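One chain follows as structure tokens, the form predicted alone.
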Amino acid sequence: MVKIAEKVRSALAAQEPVVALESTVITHGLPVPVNLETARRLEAAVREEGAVPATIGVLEGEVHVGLADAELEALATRNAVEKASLWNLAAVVARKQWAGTTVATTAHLAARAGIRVFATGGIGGVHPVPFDESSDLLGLSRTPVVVVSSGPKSILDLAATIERLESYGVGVIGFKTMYLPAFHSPDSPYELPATVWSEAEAAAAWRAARALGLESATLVFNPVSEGIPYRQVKAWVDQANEEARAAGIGGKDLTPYLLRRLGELSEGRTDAVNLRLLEENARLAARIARRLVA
């Protein structure tokens, strides 16, 4: 049911640094062939920083913690791939389906495998639509891993999302920033509860959380180095939401629509920022992972 790649198993046994990578960015977040190119680039970035990458996905009902290149290609190019969140993961496995794993699911599976650090792009959160809230938030509240991301996705209600993280007791720290990164934007008007200025400090925060018996993830928010001003992105998001409401788009179709529309309104700028922050987060995660085994 769960297969841990030999390279990952060996690294964990030898107490070498390992970084988990999600797969919904491959299956649902980026088009072919950019998705496969990005997946390979992220794994290469982790290796260049001295850690072992472990991309997690579901192939024919079997959870793979660490994909071989051929498996990565198969997942990236296959049609009709599911999105495995915590609420449907068991059904996906039982039905022997193929699936990319969300932030919450990847964090859960990484922790189960003994991997302590996970890199992603943006986390899910609270949407402006009533009762639409990502399972990432609750999942991270009970999964003791380091999660490196560039903040909640730009299409979310950032104020509500940061409040919910506080309510759920998720450890939140900014990496060299005192303000919440907003995915495509390196900052926002929302202050963070804590800041670290080095990989060593981030690793120390995770160790302190474990020593205190805290069960949540330690979210390390890493602002993208070259982003788009917050107010500009917010204007595009507001326009895209208005257009979605007018067209009657909602439910599971809303997020893909909004992200696609942002790419169109920004003339590709948001897509370029997305690729940049994914690689930067993978590199930071690898450096933190190295500190955790030092």
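All residue numbers are counted from 1 along the displayed sequence. Fair warning: this is a prediction, and the values are worked out from it, not measured in the lab.
Another form exists, predicted together with a small molecule; not displayed. Remarks below refer to it.
- Remark: all three candidate residues (24, 127 and 134) come within 4.5 Å of the small molecule in the predicted bound form, counting heavy atoms only.
- The listed set 185, 102, 218, 161 contains one residue whose heavy atoms approach the small molecule in the predicted bound form to within 4.5 Å, identified as 102.
- In terms of contact with the small molecule in the predicted bound form, the residue from 122, 174, 139, 171 that brings a heavy atom within 4.5 Å is 122.
- Using a 4.5 Å cutoff between non-hydrogen atoms, residue 116 does not count as a contact of the small molecule in the predicted bound form.
- In the predicted bound form, residue 83 approaches the small molecule with a heavy atom inside 4.5 Å.
- In the predicted bound form, at least one heavy atom of residue 29 sits within 4.5 Å of a heavy atom of the small molecule.
- Between 141-149, 102-110, 71-79, 198-206, the stretch whose residues reach within 4.5 angstroms of the small molecule in the predicted bound form through a non-hydrogen atom is 102-110.
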